[in-house]
Ligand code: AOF
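In structure tokens, the next block holds one chain alone, the form predicted on its own.
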């Protein structure tokens, strides 16, 4: 199963909104350290492409070796026709003897049906092998289906005295170049990035990928009364932006306009869920970040602690219900990663 997860990670930039899945096929072999020999392996390479089980089966040199073989897969085999045929039926057709699964699929289209189909066909099924690791790998996919909203990462950089910037609309660069590169790397893993009107106007951010390769995320601007100038970078550079507001609704061109009260964050996230936006990275400002915290609508937080001292300015958000995951030094800055205890437990 560790190998499955290792393989699955190879699809991190290419399979979304599908989950990352790896598959390993073994046969009994007493001469091997664990009594099994790998005869095929594969992973889901790109959205719409063959699933991991198909790739692994295709890698087996002799189809007869599949009869009675054991399959390891970190996510329940699918049971429905999507862009590819159901993998559960494929495993049955190949006369697989046992399937070891990392976690059940939270997608309502599957949700245990793949496991039931295998068992009904006489295939031995073992579930929840390295479940915690499997769920963490596909945490965006899990939250999207289980909570019917996007996975929410909140992120900010703060000074040593806990300010995120100056007042009066003065932008302050706190993060060093290596930290900025890590921000862009994180952006490449998210479907969308969200900021409020004040951040858009005061900082005029681009919110695209410049220091890391990948697909530009959808930018989401919360601007209730459409006060943002149309010559802002995120409204005029040709990349996709969705403006959430109370005045206009038009999703036929870019920038697009979604008519919802942007202060009702639950409604905003529900609308993104309906549009199959699986994850959102909230980058600012402090008021918007604190609103996500106060409403318990965050799943993960990255705080960039920098050595700068501002003395005064906009206070950094204050987390609640956080659980520390780790601290990572990066050229004088420190990235502290948290998860939301309550979000995980519920």
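A quick note: this is a predicted structure, and the numbers were derived from the prediction, not measured. Numbering follows the first chain given and starts at 1.
Unshown form predicted together with the named molecule; subsequent notes refer to it.
Among the candidate stretches 26-34, 288-296, 48-56, 315-323, which one is within 4.5 Å of the named molecule in the predicted bound form when only heavy atoms are counted?
Every other range fails; the passing one is 48-56.
Quick check on residue 208: any heavy atom within 4.5 Å of the named molecule in the predicted bound form?
Judged by the heavy-atom cut-off of 4.5 Å, residue 208 is well away from the named molecule in the predicted bound form.
Is there a non-hydrogen atom of residue 107 within 4.5 angstroms of a non-hydrogen atom of the named molecule in the predicted bound form?
Residue 107 belongs to the contact set for the named molecule.
Decide whether residue 150 counts as a contact residue for the named molecule in the predicted bound form under a heavy atom distance cut-off of 4.5 Å.
Although the named molecule is absent here, residue 150 would stay clear of it in the predicted bound form, with no heavy atoms inside 4.5 Å.
Decide whether residue 84 counts as a contact residue for the named molecule in the predicted bound form under a heavy atom distance cut-off of 4.5 Å.
Residue 84: contacts the named molecule in the predicted bound form.
Name the single residue among 80, 95, 197, 155 that comes within 4.5 Å of the named molecule in the predicted bound form, judging by heavy atoms.
Among 80, 95, 197, 155, a heavy atom within 4.5 Å of the named molecule in the predicted bound form occurs only for 80.
Quick one: which residues from 16-55 get a non-hydrogen atom within 4.5 Å of the named molecule in the predicted bound form?
18, 19, 21, 44, 51, 52, 53, in sequence order.
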